[in-house]
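Before any questions on how it binds or moves, here is one chain, the form predicted alone, in structure tokens.
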């Protein structure tokens, strides 16, 4: 399960203030009939201030509790969290929200003490209004943090639900070489495919079964469409994050060049990935049904004669590929 999946939407500051005040306006403490009017007024105003503070205190602490502890995350999720929202920023804003919950209670308690010392109902009401004003002003200053946390939640909950203990194949290569087609074809037996926004990229996660064993297969369109040496820091972090879950990388090339990339460039990317990842790589030559034989041979001279030849869209070579990466995963 994606550890961010169950975090509930986070409201902005004005919404939290409105919710707190609405609930407080309905508070009518049960008081003895014979209680003097002044005591009744003071207890009612105290109860309302306490309701506002307790509501905000609990809501802010619940937000913090819903987020998983960053240091306990699997490296895959920790690195993607850093790429998408920044781990340091997330920790800072969550810690500040926890501190804000304590400050709200401190403000409320100061005014509750003043309410208890009030000499008439009007004074008690003014103290309650003063407490509301201070608390509302303080919460509004938290709005930027609340907005950040809601945006972080929205991004992180869309990450794929990776099972770190399940054998995982990462399909890599330039765009349009047939990676998504492969994921869909091999996942047909158990169609659990979903797309996940990843900065300006997309991850596609699929599952399939073979001989009663379940495998994860992850497509990375757009991530590996140029040499690593030309990528910026965020792109490199994204690729490194995938390294945490890849047991095997299936690298696809398209010798027909209908993908829009020259074969030379594709093979250059393959060499770059091979040097950069300490993970077994299965080279795969796709679209062999529409590729000139001399281009297929050119690809083999770089990726090896044992490369799997495929026409993924027709299912050709898919079973050979499945057997190949099963042999890697079951070693």
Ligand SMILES: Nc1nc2c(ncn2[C@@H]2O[C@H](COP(=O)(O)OP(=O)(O)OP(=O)(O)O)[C@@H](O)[C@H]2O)c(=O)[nH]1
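Predicted, not measured: the structure shown is a model, and the values here were computed from it. Numbering follows the first chain given and starts at 1.
Just so it is clear, the following notes concern the form predicted together with this ligand, a form of the same protein that is not shown.
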| Which listed residue (39, 70, 31, 290) meets the criterion of a heavy atom within 4.5 Å of this ligand in the model of the complex? | 290
| remark: As a check of understanding, the residue in 164, 121, 175, 75 with any heavy atom within 4.5 Å of this ligand in the model of the complex should be identified as 175
| note | Exactly one listed stretch (239 to 247, 95 to 103, 175 to 183, 138 to 146) reaches within 4.5 angstroms of this ligand in the model of the complex by non-hydrogen atoms, and it is 175 to 183
| query | For residue 221, is any heavy atom within 4.5 Å of this ligand in the model of the complex, or not? | reply | yes
| message | Would you classify residue 10 as touching this ligand in the model of the complex, given a 4.5 Å non-hydrogen atom cut-off? | response | no
| message | Against this ligand in the model of the complex, would residue 286 count as a contact residue? Criterion: heavy atoms within 4.5 Å. | response | yes
| request: State yes or no: in the model of the complex, is some non-hydrogen atom of residue 312 no more than 4.5 angstroms from a non-hydrogen atom of this ligand? | output: yes
